[in-house]
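Encoded as structure tokens, the following chain is the form predicted alone, with no partner shown.
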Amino acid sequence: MKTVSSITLVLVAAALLFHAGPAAAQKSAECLACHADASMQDAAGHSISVDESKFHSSIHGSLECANCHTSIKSYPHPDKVTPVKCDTCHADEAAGLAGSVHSASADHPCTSCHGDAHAIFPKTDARSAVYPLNVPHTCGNCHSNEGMAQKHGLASVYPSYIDSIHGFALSKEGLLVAANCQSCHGSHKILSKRNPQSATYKTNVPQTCGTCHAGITTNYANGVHGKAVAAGKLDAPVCSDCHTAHAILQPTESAFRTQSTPICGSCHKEKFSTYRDTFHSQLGALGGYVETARCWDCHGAHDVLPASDPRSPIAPANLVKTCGRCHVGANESFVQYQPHANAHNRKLNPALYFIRLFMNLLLGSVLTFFMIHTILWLIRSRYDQVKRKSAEGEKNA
């Protein structure tokens, strides 16, 4: 195996072989006369070989080595050469990277994402590390690494993504239009979600998701949540608050349906507590009844509107139709049912409040009566037992 000293001798020999002056160092063929050797390493044991066929078929295959390795002017070249500066040609990408979360070039050189420097392919080439099908794995090299995650305070998101509806569509179905990491976060100018310019900043999330889900985003923007976010109310939910950012499930899956109500309840705590008292909630709590009504079955999923809006599914004029989707034959009397009646609020629901109070008093009275009755019965039984034994003792005496 060659060392740095032997490389120098080979390079000198190559220069003599080609009868060339200093300018010949710019010719790739002359460099590859040595570097095409797969066993070539530097003094530190790092491979410095170049796969000639991959290099010529790469996006940089038409360039000469000296176009990138500008510090090499002649043979023999120094053992240590100046690192390649990609920003010489890729200034816009370098500028974006410089202001991104990946700006520490020591941790994130260009090759960490684009792969072997001498075998970089266009993003439309299936061999490329940034080809859509390969992007999750490329990002996952760091974002599924616990050591890297702890160092930078990151979550290991790759496993969550790959099991999501987006990850499944991409990795299992091969759908190039499915969202990958780059679709949401960008490629070079990736910013923290706390940065208002970031595609994943809270107020920008609907627009980011809308690049694919345009119709849903329009509905969301017209709903109470979308309008609240547009008005600057950051406590209102955006797509990632309900669907999560990476572990996104198919909305028809039972896992999503069962967790959807608690998600709504994390903001609408009072409504959630009253829903839990209803038949719908208690039926769903049994576990086997996935199809029982959840929040969005009645209120809508994205274009959530107040009951005062005539377009809302819970507007008084629409209740028969809304309830009728599950309850065939629903009529005006049927929809008088109050799904969020609060039995603890005397002002809002006085009848229900007093009925609940009466039932609780009745239950307490019955339980108290039978508890006293049981205690007295036990005392009586013990008294009879002692009396009986005493009588038997006197008889035997």
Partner chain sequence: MPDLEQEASETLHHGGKGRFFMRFTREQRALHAVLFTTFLGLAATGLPMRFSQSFWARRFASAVGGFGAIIFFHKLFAVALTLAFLVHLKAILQRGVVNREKGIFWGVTSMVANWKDVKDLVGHLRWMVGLGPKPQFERYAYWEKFDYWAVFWGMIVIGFSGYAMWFAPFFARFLPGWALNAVLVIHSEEGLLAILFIFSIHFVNTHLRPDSFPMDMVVFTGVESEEEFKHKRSQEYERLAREGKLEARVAEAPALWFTNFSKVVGFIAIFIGLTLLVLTLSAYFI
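Residue numbers count along the first chain shown, from 1. Keep in mind it's a predicted model, so treat the numbers as computed, not measured.
Another form exists, predicted in complex with its partner chain; not displayed. Remarks below refer to it.
*Asks:* Mark N345 yes when one of its heavy atoms lies within 4.5 Å of a heavy atom of its partner chain in the predicted complex, and no otherwise.
*Replies:* No, no contact at 4.5 Å.
*Asks:* Could you confirm whether G45 comes within 4.5 Å of its partner chain in the predicted complex, counting heavy atoms only?
*Replies:* Heavy-atom contact with its partner chain at 4.5 Å: absent for G45.
*Asks:* Just to confirm, T70 within 4.5 Å of its partner chain in the predicted complex by heavy atoms?
*Replies:* Heavy-atom contact with its partner chain at 4.5 Å: absent for T70.
*Asks:* Answer yes if any heavy atom of D277 is within 4.5 Å of a heavy atom of its partner chain in the predicted complex; otherwise answer no.
*Replies:* Result yes; D277 sits at the interface with its partner chain in the predicted complex.
*Asks:* Please name which of the stretches 45-53, 60-68, 27-35, 351-359 has residues with heavy atoms lying within 4.5 Å of its partner chain in the predicted complex.
*Replies:* Contact-bearing stretch, as computed: 351-359.
*Asks:* Would all three of S74, N141 and Y201 be in contact with its partner chain in the predicted complex, where contact means some heavy atom lies within 4.5 Å?
*Replies:* Verified in the predicted complex; spot residues all out of contact, no.
*Asks:* With the partner left out here, which residues of 357-384 have a non-hydrogen atom within 4.5 Å of its partner chain in the predicted complex?
*Replies:* M359, N360, L362, L363, V366, L367, F369, F370, M371, H373, T374, L376, W377, L378, R380, S381, R382, D384 sit within 4.5 Å of the partner.
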